[in-house]
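Next up: a single chain in structure tokens, the form predicted alone.
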Amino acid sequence: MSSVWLPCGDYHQDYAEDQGWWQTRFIKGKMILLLLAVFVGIPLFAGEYWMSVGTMVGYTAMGALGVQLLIGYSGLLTLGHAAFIAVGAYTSTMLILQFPWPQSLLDSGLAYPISIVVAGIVAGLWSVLFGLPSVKVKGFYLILTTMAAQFITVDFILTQYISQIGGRGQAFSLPPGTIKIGPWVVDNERSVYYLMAILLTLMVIVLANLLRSKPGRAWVAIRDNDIAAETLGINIVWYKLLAFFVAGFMAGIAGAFWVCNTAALSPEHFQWFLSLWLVGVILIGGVGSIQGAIFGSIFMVVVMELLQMVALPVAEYFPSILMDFAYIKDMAFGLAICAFLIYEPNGLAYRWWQAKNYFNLWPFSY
């Protein structure tokens, strides 16, 4: 059943209308305005600083979408998603730096786009490997297996072996002008923002379409009751592993994007706290909602930026606050999760849903 409440007198006639993208002209207008704001308004009127904040929101949302698919839609708990983002980032970087690309592909700007797709596939397969225990275990035990992915991938393989390739030590950096898509060179804040907006939009479209198709219905059935789902004929092993592959693929895309937003790639970018952070994002934004992943990302990134703005003038009187700012951010993260779990456990997406329905049914919103 659709989650959109239609104005009085409007009814869905069939399943296609019930699951349609544009269920009313008002919704279509809102989505067009949103796209104009993202692709035209922010690049035109926001400065480079706020565009970088928007880029961080998009990067966080790209990572959180995979966590949302696993936890929110499939009921598969994970605390190791940063490992799959790291696999995507390192796969893309190593392909660009080490693979003997034909000169024609380099000249035509196809090396980086191909590396993004390969990074997604490799991260997806790596995610399936650590999703195999989900066939036998769930809940707390599945959390431990996904945490193993974090420690094995980032702390052992990437730090001890991959980072040492070529004697580079702990960080890889791509030469300027290396990251380009066709004739488009991604080399400044605006181009990075546009790349983020394009990738995030595509990922939202793909995930939304998956969720309203057969795999999406199977994931939700498994989340609600896996035994009942298997009784109904759903191959729960296949769909659980498919969920891990799709979530890992999205993480790999996010990691490949991160390569163009950082001067040097290091395992420190993908510590276990990032996995915990992504789970916090969907808790605050709303579990089981694509909008929740985006709302949670906006909330967490913007709140941390505002905290930093407050800390800078205060540091004139208390210089130690800058030294302790990382701990202050951790404290704010924990307090935000506690506050939402106590006062709004359904997250920001539920509040957005209530506000939309109030205006959709206005003036008879009772």
Partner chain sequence: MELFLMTLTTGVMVGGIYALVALGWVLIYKCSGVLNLAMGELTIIGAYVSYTFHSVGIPFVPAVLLTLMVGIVLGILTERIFLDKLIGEPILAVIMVTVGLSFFLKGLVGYIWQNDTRVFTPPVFSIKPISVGFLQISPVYLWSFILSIVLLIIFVCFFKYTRWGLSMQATADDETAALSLGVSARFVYAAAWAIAFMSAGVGGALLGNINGINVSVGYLGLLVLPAVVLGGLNSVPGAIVGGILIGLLQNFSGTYLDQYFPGGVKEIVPFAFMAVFLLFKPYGLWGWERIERV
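Since the structure is predicted, the reported quantities are computational estimates derived from the model, not experimental observations. Residue numbers count along the first chain shown, from 1.
One more form of this protein, predicted together with its partner chain, exists but is not displayed; see below.
Asks: If we take heavy atoms and a 4.5 Å cut-off, which stretch out of 199-207, 239-247, 112-120, 150-158 is in contact with its partner chain in the model of the complex?
Replies: In the other structure, the partner sits against 150-158.
Asks: What is the one choice in I162, I143, I234, L211 with a heavy atom within 4.5 Å of its partner chain in the model of the complex?
Replies: Contact check passes for I143.
Asks: Taking heavy atoms and a 4.5 Å cut-off, does L97 contact its partner chain in the model of the complex?
Replies: L97: no, not in contact with its partner chain in the model of the complex.
Asks: So in the model of the complex, does A37 come within 4.5 Å of its partner chain, heavy atom to heavy atom?
Replies: Outside the cut-off, so no.
Asks: Report yes if any heavy atom of F45 sits within 4.5 Å of a heavy atom of its partner chain in the model of the complex; otherwise report no.
Replies: Contact with its partner chain, no.
Asks: Give a yes or no for S108: in the model of the complex, does one of its heavy atoms lie within 4.5 Å of a heavy atom belonging to its partner chain?
Replies: Heavy-atom contact with its partner chain at 4.5 Å: absent for S108.
Asks: Does anything in 323-344 come within 4.5 Å of its partner chain in the model of the complex by heavy atoms, and if so which residues, in order?
Replies: Heavy-atom contacts within 4.5 Å come from D324, Y327, I328, D330, M331, F333, G334, L335, I337, C338, L341, I342, Y343.
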